[in-house]
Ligand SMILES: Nc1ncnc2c1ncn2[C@@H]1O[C@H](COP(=O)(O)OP(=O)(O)OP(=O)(O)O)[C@@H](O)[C@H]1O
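Shown here is one chain on its own, the form predicted on its own, set out as structure tokens.
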């Protein structure tokens, strides 16, 4: 196959001076807390997709049995397209396959042990069906597999997120990575 046919239908990778990072994982793995900590440590801007979906009405209604909004993926992508162009964003969302690969330079998949995850979801008052589904997703590593299928292998990193020590270690690793990325792309 020629080089031109390999890239047909794909947007070219954009070289950014400041990276975009996706933080993903099963609900309750610490995405928002970790994203906020990374933003503070690096100066990047945190984008909480769940909050954005609610604030900008980027959904098609509410699914009562799972206590969640039904995401309108097209509206979300349209909303974020320009935001992502300049780099410097930390996107926090429980699903990752919906985002264009070109948006991210690093994809972090947070993982937590089920005995840690379950009480976190209970504390959020998730209904039993939602807890069960999310625990099953974590056991079956659904989000990790989705990330590996959606993004280049070398940018997908699986990180433990069971306690504050894990989170602090993860943030330190990401801060170091961002510093190296900036130095290599300046």
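Positions refer to the first chain, counted from 1. Model, not experiment: these values are computed from the prediction.
Separately, the form predicted together with the ligand exists; it is not shown, and the next lines address it.
- Message: Can you pick out, from 33, 68, 150, 141, the residue that has a heavy atom within 4.5 Å of the ligand in the predicted complex?
- Response: When the ligand is considered in the predicted complex, the option within 4.5 Å is 33.
- Going by a heavy atom distance of 4.5 Å, is residue 129 a contact of the ligand in the predicted complex? Residue 129 lies outside the contact set for the ligand.
- Item | the ligand contact at residue 59 in the predicted complex, heavy atom, 4.5 Å | Residue-level check for residue 59: no, no contact with the ligand.
- Message: Test of understanding: in the predicted complex, would residue 42 fall inside 4.5 Å of the ligand by heavy atoms?
- Response: Residue 42: no, not in contact with the ligand in the predicted complex.
- At the 4.5 Å heavy atom threshold, is residue 172 in contact with the ligand in the predicted complex? No, residue 172 stays farther than 4.5 Å from the ligand in the predicted complex.
- Query: Is any part of 133-160 within 4.5 angstroms of the ligand in the predicted complex by a non-hydrogen atom, and which residues would that be?
  - Reply: Counting only heavy atoms within 4.5 Å of the ligand in the predicted complex, no residue of 133-160 makes contact.
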